[in-house]
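Heads up, the chain below is alone and in the form predicted on its own; it's given as structure tokens.
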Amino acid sequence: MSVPEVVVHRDGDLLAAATAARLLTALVDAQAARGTASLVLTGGRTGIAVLEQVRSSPARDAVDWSRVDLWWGDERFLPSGHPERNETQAREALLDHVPAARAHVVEPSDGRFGDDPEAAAAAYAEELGSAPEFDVCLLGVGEEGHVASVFPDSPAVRERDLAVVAVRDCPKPPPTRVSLTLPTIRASREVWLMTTGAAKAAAVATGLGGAPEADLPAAGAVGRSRTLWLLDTAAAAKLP
């Protein structure tokens, strides 16, 4: 596993723009090396802002989007097209504006399995396959240090066998979600944790300070070859 690196940007807008440029380069490099690229998307304000920046970048056409596999780190278990679904927001921000990528979506609550998030999680794990390997996994970091929908001191943070889990009684709405687990996230070549704002500063400092992942899941989100913490100055304020 890689040693975390920290990159601090002046503000959230610059962070989103710089991360979009970094991401486009990573996707082009992956396609040059292996023919395809595999990317895990995240929701949240920063995650969607990065996709909007990718959409507006002249360099977006350097990526062959038909050879990009898109996954989601987590999904809100809501009906198809619901505005709070990460898939819906990603489509509006980017996916509806580029040639069709191979988007692997989590079944919605009105999908094949109805209101059964465990079945949706199992199906997503089956689609991932036995040895998922992502080029880049994008993650946000919550104020309490959650990543994807893996929260502190939860069953999901202790899961070691399942690649994808249903999360019920989530501390943040909506209460039911589907999420990759930390071992699946750690299958990524690179993990990029993105966060902004003074409210995240304590979680950032604790996560980079070696906290146990059960207490602060972001500390357990590590890439095999690279781990980047992409911060604005406010989120980095409590770092040494």
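Keep in mind it's a predicted model, so treat the numbers as computed, not measured. The numbering used is simple: start at 1 and walk along the sequence shown.
There is also a form predicted together with a small molecule; it is not shown, and the following applies to it.
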Which of 91 to 99, 159 to 167, 128 to 136, 73 to 81 lines the interface with the small molecule in the model of the complex (heavy atom within 4.5 Å): 73 to 81
Position in contact with the small molecule when the complex is considered in the model of the complex, options T181, T42, S38, Q53, heavy atoms within 4.5 Å: T42
With the partner left out of view, is G140 within 4.5 angstroms of the small molecule in the model of the complex by any non-hydrogen atom? yes
4.5 Å heavy atom contact, N86 and the small molecule in the model of the complex: yes
Residue-level question: is A121 within 4.5 Å of the small molecule in the model of the complex, judged on heavy atoms? no
Just to confirm, K172 within 4.5 Å of the small molecule in the model of the complex by heavy atoms? yes
